[in-house]
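Before any questions on binding or motion, here is one chain by itself as C-alpha coordinates, the form predicted alone.
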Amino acid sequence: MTDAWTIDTVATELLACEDERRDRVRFTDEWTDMSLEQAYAIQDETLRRRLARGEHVTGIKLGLTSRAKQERMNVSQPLIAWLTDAMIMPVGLPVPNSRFIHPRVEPEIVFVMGADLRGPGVSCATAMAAVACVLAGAEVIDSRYRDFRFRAPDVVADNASSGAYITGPVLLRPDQLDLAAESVAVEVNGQIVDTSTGAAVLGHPGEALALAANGLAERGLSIKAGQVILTGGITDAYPAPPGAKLAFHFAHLGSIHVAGGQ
(Lines give C-alpha, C1' and ligand atoms only; values in the text may rest on other atoms or scores of the structure.)
Protein backbone atom coordinates (compact mmCIF):
# COMPACT_ATOMS: atom_id res chain seq x y z
CA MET A 1 0.00 0.00 0.00
CA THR A 2 1.24 3.46 -0.83
CA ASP A 3 0.96 6.44 1.49
CA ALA A 4 -1.04 8.28 -1.18
CA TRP A 5 -4.41 6.63 -0.62
CA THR A 6 -6.52 5.84 2.43
CA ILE A 7 -10.17 4.90 2.92
CA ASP A 8 -10.94 8.57 3.51
CA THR A 9 -9.01 9.98 0.55
CA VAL A 10 -10.29 7.38 -1.92
CA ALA A 11 -13.87 8.15 -0.84
CA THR A 12 -13.19 11.84 -1.37
CA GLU A 13 -11.73 11.25 -4.82
CA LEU A 14 -14.53 8.96 -5.99
CA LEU A 15 -17.25 11.41 -4.99
CA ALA A 16 -15.29 14.25 -6.61
CA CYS A 17 -15.00 12.25 -9.85
CA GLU A 18 -18.75 11.64 -9.77
CA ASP A 19 -19.59 15.28 -9.08
CA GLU A 20 -17.13 16.60 -11.68
CA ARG A 21 -17.85 13.93 -14.36
CA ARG A 22 -14.17 13.05 -14.31
CA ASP A 23 -12.75 9.58 -14.85
CA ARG A 24 -9.42 8.28 -13.57
CA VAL A 25 -7.14 5.25 -13.55
CA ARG A 26 -7.99 2.48 -11.11
CA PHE A 27 -6.71 2.86 -7.56
CA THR A 28 -5.24 -0.65 -7.42
CA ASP A 29 -2.51 0.46 -9.82
CA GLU A 30 -1.21 2.58 -6.90
CA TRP A 31 -2.76 0.99 -3.79
CA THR A 32 -1.71 -2.44 -5.00
CA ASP A 33 -2.79 -4.40 -1.91
CA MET A 34 -6.20 -2.82 -1.42
CA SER A 35 -8.44 -5.57 -0.02
CA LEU A 36 -12.14 -6.14 -0.58
CA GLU A 37 -12.69 -5.38 3.10
CA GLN A 38 -11.04 -1.99 2.64
CA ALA A 39 -13.00 -1.43 -0.58
CA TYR A 40 -16.30 -2.03 1.22
CA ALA A 41 -15.16 0.37 3.94
CA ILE A 42 -14.63 2.98 1.22
CA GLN A 43 -18.07 2.22 -0.21
CA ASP A 44 -19.64 2.62 3.24
CA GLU A 45 -17.81 5.91 3.75
CA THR A 46 -19.11 7.30 0.47
CA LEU A 47 -22.60 6.23 1.56
CA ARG A 48 -22.14 7.99 4.90
CA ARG A 49 -21.30 11.18 3.01
CA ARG A 50 -24.27 10.77 0.66
CA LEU A 51 -26.56 10.46 3.66
CA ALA A 52 -24.94 13.49 5.29
CA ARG A 53 -25.80 15.58 2.24
CA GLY A 54 -29.45 14.53 2.41
CA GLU A 55 -29.77 11.33 0.39
CA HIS A 56 -31.69 8.32 1.73
CA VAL A 57 -31.02 4.62 1.23
CA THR A 58 -33.66 3.03 -1.02
CA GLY A 59 -32.09 -0.41 -1.38
CA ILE A 60 -29.28 -2.62 -2.55
CA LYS A 61 -27.77 -3.34 -5.95
CA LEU A 62 -25.89 -6.44 -7.05
CA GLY A 63 -23.17 -6.13 -9.64
CA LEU A 64 -21.50 -8.63 -11.95
CA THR A 65 -23.90 -11.45 -11.11
CA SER A 66 -23.58 -13.14 -14.50
CA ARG A 67 -20.57 -15.33 -15.27
CA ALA A 68 -20.17 -13.74 -18.70
CA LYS A 69 -19.91 -10.25 -17.20
CA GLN A 70 -17.49 -11.45 -14.54
CA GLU A 71 -15.23 -12.88 -17.20
CA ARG A 72 -15.49 -9.78 -19.36
CA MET A 73 -14.60 -7.46 -16.47
CA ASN A 74 -12.00 -9.90 -15.05
CA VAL A 75 -13.83 -10.02 -11.70
CA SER A 76 -14.44 -13.36 -9.99
CA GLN A 77 -17.40 -12.66 -7.69
CA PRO A 78 -20.64 -10.65 -7.55
CA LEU A 79 -20.60 -7.31 -5.77
CA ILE A 80 -22.95 -5.60 -3.31
CA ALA A 81 -23.57 -1.84 -3.31
CA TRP A 82 -26.05 0.82 -2.22
CA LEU A 83 -29.00 2.57 -3.85
CA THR A 84 -30.19 6.00 -2.76
CA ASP A 85 -33.09 8.22 -3.73
CA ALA A 86 -30.72 10.41 -5.76
CA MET A 87 -30.29 7.44 -8.12
CA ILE A 88 -34.00 7.06 -8.93
CA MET A 89 -34.76 7.91 -12.57
CA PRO A 90 -38.46 8.18 -13.45
CA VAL A 91 -39.74 6.23 -16.44
CA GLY A 92 -39.83 8.38 -19.57
CA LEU A 93 -36.99 10.72 -18.70
CA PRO A 94 -33.88 10.51 -20.90
CA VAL A 95 -30.54 9.48 -19.47
CA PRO A 96 -28.99 12.75 -18.28
CA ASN A 97 -25.64 12.50 -20.05
CA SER A 98 -24.63 15.82 -18.52
CA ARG A 99 -24.67 14.05 -15.14
CA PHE A 100 -22.65 10.97 -16.11
CA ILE A 101 -19.21 10.19 -17.52
CA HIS A 102 -19.93 7.26 -19.89
CA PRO A 103 -23.35 5.80 -19.04
CA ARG A 104 -24.45 2.36 -20.12
CA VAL A 105 -27.84 0.75 -19.50
CA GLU A 106 -28.65 -2.86 -18.66
CA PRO A 107 -31.89 -4.75 -17.91
CA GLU A 108 -32.46 -6.22 -14.46
CA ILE A 109 -35.06 -8.11 -12.48
CA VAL A 110 -36.00 -6.02 -9.46
CA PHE A 111 -37.43 -7.07 -6.10
CA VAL A 112 -39.33 -4.98 -3.57
CA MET A 113 -38.98 -6.48 -0.13
CA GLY A 114 -42.05 -7.36 1.92
CA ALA A 115 -40.10 -8.36 5.03
CA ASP A 116 -36.68 -7.85 6.56
CA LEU A 117 -34.02 -10.33 5.45
CA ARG A 118 -30.95 -11.01 7.54
CA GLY A 119 -28.15 -13.49 7.01
CA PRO A 120 -26.17 -15.62 7.44
CA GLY A 121 -27.59 -18.83 6.07
CA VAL A 122 -30.18 -17.28 3.74
CA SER A 123 -31.12 -19.58 0.85
CA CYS A 124 -32.82 -18.70 -2.41
CA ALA A 125 -36.13 -20.02 -1.07
CA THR A 126 -35.81 -18.06 2.18
CA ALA A 127 -34.92 -14.93 0.26
CA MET A 128 -37.86 -15.23 -2.14
CA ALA A 129 -40.28 -15.72 0.76
CA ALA A 130 -39.37 -12.18 1.90
CA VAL A 131 -40.10 -10.59 -1.51
CA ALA A 132 -43.36 -8.66 -1.92
CA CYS A 133 -43.26 -8.08 -5.67
CA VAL A 134 -41.13 -8.34 -8.79
CA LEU A 135 -40.63 -5.66 -11.45
CA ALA A 136 -38.60 -5.08 -14.58
CA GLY A 137 -35.74 -2.69 -14.14
CA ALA A 138 -33.06 -0.85 -16.08
CA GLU A 139 -29.88 0.33 -14.42
CA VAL A 140 -27.71 3.14 -15.72
CA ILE A 141 -24.17 2.21 -14.74
CA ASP A 142 -21.36 4.76 -14.84
CA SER A 143 -17.87 3.81 -13.72
CA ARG A 144 -15.52 6.47 -12.40
CA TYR A 145 -12.67 4.49 -13.96
CA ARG A 146 -11.34 5.19 -17.43
CA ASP A 147 -12.75 2.83 -20.06
CA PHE A 148 -14.56 0.80 -17.34
CA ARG A 149 -11.20 -0.81 -16.47
CA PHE A 150 -10.98 -1.94 -12.85
CA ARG A 151 -10.22 -4.77 -10.49
CA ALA A 152 -12.65 -6.09 -7.88
CA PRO A 153 -11.59 -3.72 -5.05
CA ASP A 154 -11.80 -0.71 -7.40
CA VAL A 155 -15.37 -1.39 -8.46
CA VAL A 156 -16.53 -2.25 -4.93
CA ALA A 157 -15.13 1.06 -3.69
CA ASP A 158 -16.94 2.78 -6.58
CA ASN A 159 -20.32 1.46 -5.34
CA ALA A 160 -20.39 -1.09 -8.17
CA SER A 161 -20.49 1.58 -10.90
CA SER A 162 -23.74 3.06 -9.59
CA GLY A 163 -25.52 5.71 -11.62
CA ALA A 164 -29.31 5.57 -11.74
CA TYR A 165 -32.13 3.06 -11.90
CA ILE A 166 -35.58 2.79 -13.44
CA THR A 167 -38.37 0.40 -12.51
CA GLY A 168 -41.07 -0.79 -14.89
CA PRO A 169 -44.85 -0.52 -14.76
CA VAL A 170 -45.77 -4.17 -14.07
CA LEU A 171 -45.75 -5.55 -10.52
CA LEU A 172 -46.18 -9.30 -9.99
CA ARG A 173 -45.90 -11.58 -7.01
CA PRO A 174 -42.91 -13.94 -7.19
CA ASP A 175 -45.25 -16.93 -7.53
CA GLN A 176 -46.83 -15.44 -10.66
CA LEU A 177 -43.86 -16.09 -12.93
CA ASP A 178 -40.80 -18.27 -13.42
CA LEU A 179 -37.97 -15.85 -12.69
CA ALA A 180 -35.23 -18.09 -14.08
CA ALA A 181 -37.12 -18.35 -17.38
CA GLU A 182 -38.25 -14.72 -17.55
CA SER A 183 -36.79 -13.46 -20.83
CA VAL A 184 -35.71 -10.02 -21.96
CA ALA A 185 -34.91 -8.68 -25.42
CA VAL A 186 -32.68 -5.63 -25.73
CA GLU A 187 -33.54 -3.19 -28.52
CA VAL A 188 -31.08 -0.49 -29.57
CA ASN A 189 -32.16 2.04 -32.18
CA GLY A 190 -34.88 -0.27 -33.47
CA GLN A 191 -32.78 -3.45 -33.66
CA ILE A 192 -32.83 -6.41 -31.25
CA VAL A 193 -29.20 -6.79 -30.22
CA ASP A 194 -29.35 -9.18 -27.27
CA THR A 195 -31.62 -11.63 -25.44
CA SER A 196 -31.31 -13.50 -22.18
CA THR A 197 -33.26 -14.85 -19.21
CA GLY A 198 -33.24 -14.46 -15.46
CA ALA A 199 -31.13 -17.61 -15.21
CA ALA A 200 -28.16 -15.45 -16.27
CA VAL A 201 -28.22 -14.04 -12.72
CA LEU A 202 -26.57 -16.83 -10.71
CA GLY A 203 -29.08 -19.33 -12.10
CA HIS A 204 -32.01 -17.51 -10.44
CA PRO A 205 -32.33 -13.87 -9.29
CA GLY A 206 -33.28 -15.13 -5.83
CA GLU A 207 -29.73 -16.43 -5.48
CA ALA A 208 -28.49 -12.85 -5.89
CA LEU A 209 -30.84 -11.70 -3.14
CA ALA A 210 -29.61 -14.46 -0.84
CA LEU A 211 -26.00 -13.54 -1.65
CA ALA A 212 -26.72 -9.91 -0.76
CA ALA A 213 -28.32 -10.83 2.57
CA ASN A 214 -25.45 -13.15 3.52
CA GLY A 215 -22.78 -10.70 2.35
CA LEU A 216 -24.33 -7.82 4.27
CA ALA A 217 -24.54 -10.00 7.39
CA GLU A 218 -20.75 -10.30 7.35
CA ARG A 219 -20.68 -6.52 7.79
CA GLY A 220 -23.38 -6.51 10.48
CA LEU A 221 -26.02 -5.23 8.05
CA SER A 222 -29.32 -6.52 6.68
CA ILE A 223 -31.98 -5.91 4.04
CA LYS A 224 -35.07 -4.02 5.18
CA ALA A 225 -38.74 -4.37 4.25
CA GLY A 226 -39.65 -1.88 1.54
CA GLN A 227 -36.18 -1.74 0.04
CA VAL A 228 -35.58 -2.15 -3.68
CA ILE A 229 -33.11 -4.82 -4.80
CA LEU A 230 -31.49 -4.70 -8.23
CA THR A 231 -30.38 -8.28 -8.80
CA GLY A 232 -27.78 -7.62 -11.51
CA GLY A 233 -27.61 -7.17 -15.26
CA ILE A 234 -29.25 -9.95 -17.28
CA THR A 235 -27.38 -8.93 -20.44
CA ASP A 236 -24.51 -6.67 -21.37
CA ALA A 237 -24.88 -2.97 -20.64
CA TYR A 238 -25.34 -0.77 -23.71
CA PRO A 239 -24.16 2.84 -24.21
CA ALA A 240 -26.79 5.58 -24.07
CA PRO A 241 -25.28 8.57 -25.92
CA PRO A 242 -27.46 11.56 -26.84
CA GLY A 243 -30.08 10.48 -29.37
CA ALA A 244 -29.86 6.74 -28.67
CA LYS A 245 -33.10 4.84 -28.17
CA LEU A 246 -32.98 1.70 -26.02
CA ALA A 247 -35.78 -0.61 -24.92
CA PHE A 248 -35.86 -3.68 -22.72
CA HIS A 249 -38.78 -5.99 -23.47
CA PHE A 250 -39.53 -8.51 -20.71
CA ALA A 251 -41.80 -11.50 -21.33
CA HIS A 252 -44.18 -10.83 -18.43
CA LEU A 253 -42.86 -7.69 -16.70
CA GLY A 254 -43.48 -5.22 -19.51
CA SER A 255 -41.10 -2.95 -21.38
CA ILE A 256 -38.85 -0.10 -20.31
CA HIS A 257 -37.87 2.52 -22.91
CA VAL A 258 -34.79 4.64 -22.33
CA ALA A 259 -33.48 7.46 -24.51
CA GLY A 260 -30.07 9.07 -24.39
CA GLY A 261 -30.41 12.72 -23.40
CA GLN A 262 -28.09 15.69 -23.32
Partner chain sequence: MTQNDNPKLAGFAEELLTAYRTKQAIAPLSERDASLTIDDAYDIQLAQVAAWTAAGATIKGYKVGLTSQAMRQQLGVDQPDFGHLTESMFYPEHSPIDTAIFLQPKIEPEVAFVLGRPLSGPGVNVADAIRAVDFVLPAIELIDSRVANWRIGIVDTVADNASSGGLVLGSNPTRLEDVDLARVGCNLMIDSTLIASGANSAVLGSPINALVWLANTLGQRGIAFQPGDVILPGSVTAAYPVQSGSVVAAEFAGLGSVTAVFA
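Here the structure is a predicted model, which is why all the values come from computation and not from measurement. Numbering follows the first chain given and starts at 1.
Another form, the form predicted in complex with the partner chain, is not on view; read the next lines as being about it.
- Contact with the partner chain in the model of the complex, judged by any heavy atom within 4.5 Å, is made by just one of 197, 58, 38, 70: 197.
- Only one of the listed residues (185, 128, 112, 152) places a non-hydrogen atom within 4.5 angstroms of the partner chain in the model of the complex, and that residue is 185.
- Proximity to the partner chain in the model of the complex, taken as heavy atoms within 4.5 Å, picks out 198 to 206 from the listed stretches 30 to 38, 198 to 206, 216 to 224, 43 to 51.
- Although the partner is absent here, residue 181 is a contact residue: one of its heavy atoms lies within 4.5 angstroms of the partner chain in the model of the complex.
- In the model of the complex, at least one heavy atom of residue 191 sits within 4.5 Å of a heavy atom of the partner chain.
- Of the heavy atoms in residue 16, none are within 4.5 Å of the partner chain in the model of the complex.
- The partner chain in the model of the complex is not approached by residue 25, whose heavy atoms all lie more than 4.5 angstroms from it.
- The partner is not shown here, but in the model of the complex the stretch 243 to 259 reaches within 4.5 angstroms of the partner chain through a heavy atom at 249, 250, 251, 255.
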